[in-house]
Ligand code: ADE
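The chain below stands alone and is given as C-alpha cells, in the form predicted on its own.
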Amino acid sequence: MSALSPVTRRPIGLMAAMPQELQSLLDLMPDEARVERGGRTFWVGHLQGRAVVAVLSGIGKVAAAITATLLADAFGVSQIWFTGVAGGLGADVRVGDVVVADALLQHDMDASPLFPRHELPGLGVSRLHPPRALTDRVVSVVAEALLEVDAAGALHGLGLGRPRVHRGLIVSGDQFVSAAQDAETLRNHLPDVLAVEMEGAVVAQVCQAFGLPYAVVRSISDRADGSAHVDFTRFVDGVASPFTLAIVMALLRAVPDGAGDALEAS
C-alpha cells in the first residue's frame, strides 16, 4: 500500500484560525450541518465531494487543544489541516508569504529545572513533526495553489509582492508577539524559527496523542517585530482567506481519502 493510498472515507478536520477563512469554506459547502460541541460550532458536510468537519480553532493553546481533541474524538476525523495567520520571524520570510510547518514547538513551555526548556513533559521532545509524506504533498500543493489564487490585486494594494512558500519551524505560545525584543529573543533561542502564532504546536500535540496526521499552514500577516505592518483586516479578507480557500481546495484534490489512516503520525 502506498503512503497515500485510499482506504477509508473518514472526514477531514479543517481548523481555521480566522472567521473569514472559515466562512470562505462554508460558502462552498453545499450541505453544511451545524453541530454544537464543547461550546464550539462545528460544520459537518462536504467540499468537492469529500467529507469534512470545519471549525474555528479558538484563540490560544487551550482553546485550540479542546477544538482539536473534539475533532479527533467526537467527530473521528482522519487528519487535521490547520490554516491561519502568523508573524514572520525567519530572515527571508516576508509579509504575504506562506509557511508550511515541518516542525512545531511551544516557545513558552518551560518546566525547568525538571525538564529542559521547551521539552514537553512526558514526551521527551520539544519539537513535533507532521508526517513527512503529507508535509511533502502540502508544500507542493501550496506552491501550485498560490500561483492560481486571484489575490494579486489585494497583494499589490497592500504593497506586497508575489508570495513565496517556506517549510520549517513554527512556534506557538500564549503570547501575541509583536515587539522587536520578543521576536529577537525567540530567534536567539530558536535560530531556525520561521513563524510564530498561538495554536499550531498544541494541535500537533493532540494529533500525536490520537495518532492523526496533520498539516499546519500559515500566511504571514506581519513581521512579529514591529518592522512591517499592513492593514490586518484587509490582509485577512483579501489575502489570507483566498489563500486558505485555494490551499484547502487544492489539498482536497491532491490528498486521497484514507491518507490519514495510511500515514503514521510522527
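The numbering used is simple: start at 1 and walk along the sequence shown. Fair warning: this is a prediction, and the values are worked out from it, not measured in the lab.
Although not depicted, the form predicted together with the named molecule is the subject of the following passage.
Self-check item: the named molecule contact at P131 in the model of the complex, heavy atom, 4.5 Å
Solution: Contact with the named molecule, no.
Quiz item: Might V177 be said to contact the named molecule in the model of the complex, defining contact as any heavy atom within 4.5 Å?
Solution: Heavy-atom contact with the named molecule at 4.5 Å: present for V177.
Quiz item: Are any of the heavy atoms in V196 no more than 4.5 Å from a heavy atom of the named molecule in the model of the complex?
Solution: Yes, contact at 4.5 Å.
Quiz item: Is there a heavy atom of P163 no more than 4.5 Å from a heavy atom of the named molecule in the model of the complex?
Solution: The answer is no: P163 has no heavy atom within 4.5 Å of the named molecule.
Self-check item: Listed residue that, although the named molecule is not shown, lies within 4.5 Å of it in the model of the complex (heavy atoms), from I80, V98, A86, V138
Solution: Only one option qualifies, and that one is A86.
Quiz item: Want to guess which of 90 to 98, 69 to 77, 116 to 124, 168 to 176 is within 4.5 Å of the named molecule in the model of the complex, heavy atoms only?
Solution: Of the stretches listed, the one contacting the partner is 168 to 176.
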